[in-house]
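Same chain, two versions here, written out as structure tokens and called structure 1 and structure 2.
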Structure 1
């Protein structure tokens, strides 16, 4: 049987298996074959456990034979290399975790397995999710399948490259400052960052704990709804997950329409220095929503210009604390100097284990937390974060959804920002505010540049407003098709 999975969605695969057109084993074989044949240039995947994936598929087929029929049953999912999957490596694309084999499942992994999905293959990322291009992986460069000389975005670049490159049906990524939405936009996928507290972070290697959130990178909005439904919900292992009911997100999409939807367009997101073609494409998409019956109004998020400064203080401070656990003692890479002291073990393991961008961010984070600077930097950033959160709270009093570009440019050429970190950081300007405010956001493809590069429209919704956000996104998707 020759199954083409390149355009196949979760929904279509689930229908195919329910109709007995193919089994999960056949589907998984098709995914493994696609990886072998098509991932040679893009290089989205770091490792693939073929045997484990096929065993999982067999189990899913058995469960179906026993009467189960859920949407995720038998669906292979490409996992960002940040999720613990028992028995598989979990390197976070860092040398310091080389050789580590996860002794447990992350909660999202467990939930996927319970739904019958198969964690199939681990995809590339920026080291410890620090980056927006996937060029900061310690192991390999991943290319954008739409244009091979360009970055796929990041940090979940492997996820987007696999989905867009036809080597995955769906993928799970993480988003700390745009790491799901930006690669989804660059590669022409749909990427959803759920509200903070919607999905458990247990077993997901921490970058910045108050900002990190897990979410899907997929081929359409319906798949985002399906996958979110499978991973969301309370977890006794993560006290930051709110104990709220998980609605049937897929069913909630029925009858989605733009009619009467109040769309806020923040003037601070349409600024000089952005690619005019990207801006025009986003403007045009918003006009299409207006023509379809939405009420479009200009709004203001006045503290937007401070978001990058706040983000790079908060995120690096949290990262410097979180990454202190990588010390060469209990797992991963260890190097001992001739001195053979504990101190030299720490220093040498971390010196050779961490890559450049990770060190740069740990230095900044350590500095802003260090004695004498804590109040001047970290505490000020936390207060400014409150202003950014308040901006959104006020904005959502007068609109249902906010529409903005995802990034100031389309996918850029490889090697164009690696030597200019500040330039790379400023590229996150439209995505980091949602993480700082804890709200939800989604990237939906809305057009292409003259060079045929995908452009993403970002929709933002209030905290725990995923149903309305997904409905708006589904209506947009229909309108833009």
Structure 2
């Protein structure tokens, strides 16, 4: 059977398998075929486990034949190369982990397997999730399938490129400062960052432990709801996950409407220096929501101006601590110099194993944590982070969701920020506040530029407000169609 997966959603695939139009094996074969035929230019995938994927598909078909059902049963999922999947490589797109094979499943991997989903392939990313363009991978550069001379965003660029490029039905990514929402915006997908504490991080290689969150990159809001439902929930291995009931997110979408929805539009997110076409698309989308019955009001998030500085202090400090274990002795690539001293082993292993961006962030993080600078930088950043969080809490007293741009520009050209890290960091200006506050956010396509590049609308909801956020996003998606 010749299946076209380029437009196929999780919901449509599940319906097709229930109706016995095709099997999971046939669906998985179609995904594997699409990867071989379409991924040569985009380069979203690092590795593909064909044998394991087909075995998982056969098991899913057997489970369905035995009477089991479920929206994720038999669905192949592309996994960002940061998740441990037993028996598969997990390099985090870094040379320092080249050759590492995961001996266990991350909790989200286990939950996907329990739901019947199939971890089919590893997709590219910025090394250790540090970057916004997927140009900082140690192995290859991923291109935006919408425009091959453009970046797909990052760090989950491989995830978005696979979904948008027709080589994945759905993908799982991580978001530390926008790494799900930005690639989704650049590639024209839907990307959901859940609230901090909604999804387990066990078995997910840490970048910044107080900021990292796992979430879906998919083709529509319904699929985001389905995939979130499969991976959310308490985990004894991760004490930062709250033991709260996981709603039926998909069922909650029924009857989603913009009528009466209170939308806050923060004036601090519409600033000079942004692409006028992007701003115009976002403004038009918000106006469409108002015309559909939403109550739109201007709000203020006054400490937004400190978000980038706070983020790049907190995130790099945590990265410095988390990556200390990759030293050539406890974990990672090992290279001993001719002098064969402990110092030379550290120096050579980390010098050759880590890329420039990772080294830059480790150095920044070590600096802000060092004696004499800890109080001046790190402690002050934590205090400012609390103020940013308080801004959102106050805003959600008067609005249900907040709407903003995802990024100040559409997807930019390859190599345009590699030698200008500050410019790349400023591209996260609209996404990092949500991570600092621990709230949920989603990117929904809302238009295109004159060059046919996708533009994303960001919707933000309060902590553990995913039901309301997804309902609002589904209503927007319907209105924008």
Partner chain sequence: MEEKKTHIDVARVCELAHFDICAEEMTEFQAQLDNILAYVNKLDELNLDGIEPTMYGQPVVNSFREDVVTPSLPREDVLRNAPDSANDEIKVPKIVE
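Only the largest set of C-alpha atoms that superpose within 1.5 Å between the two forms is called the rigid core. Small disclaimer: the values here were computed from a predicted structure and weren't measured. Residue numbers count along the first chain shown, from 1.
Annotation: structure 2 represents the form predicted alone, while structure 1 represents the other form.
Superposed on the core, the two forms barely differ at residue 259: its CA moves less than 2 Å between the two structures. For residue 331, a C-alpha deviation of 2 angstroms or more is recorded between the two structures after rigid-core alignment.
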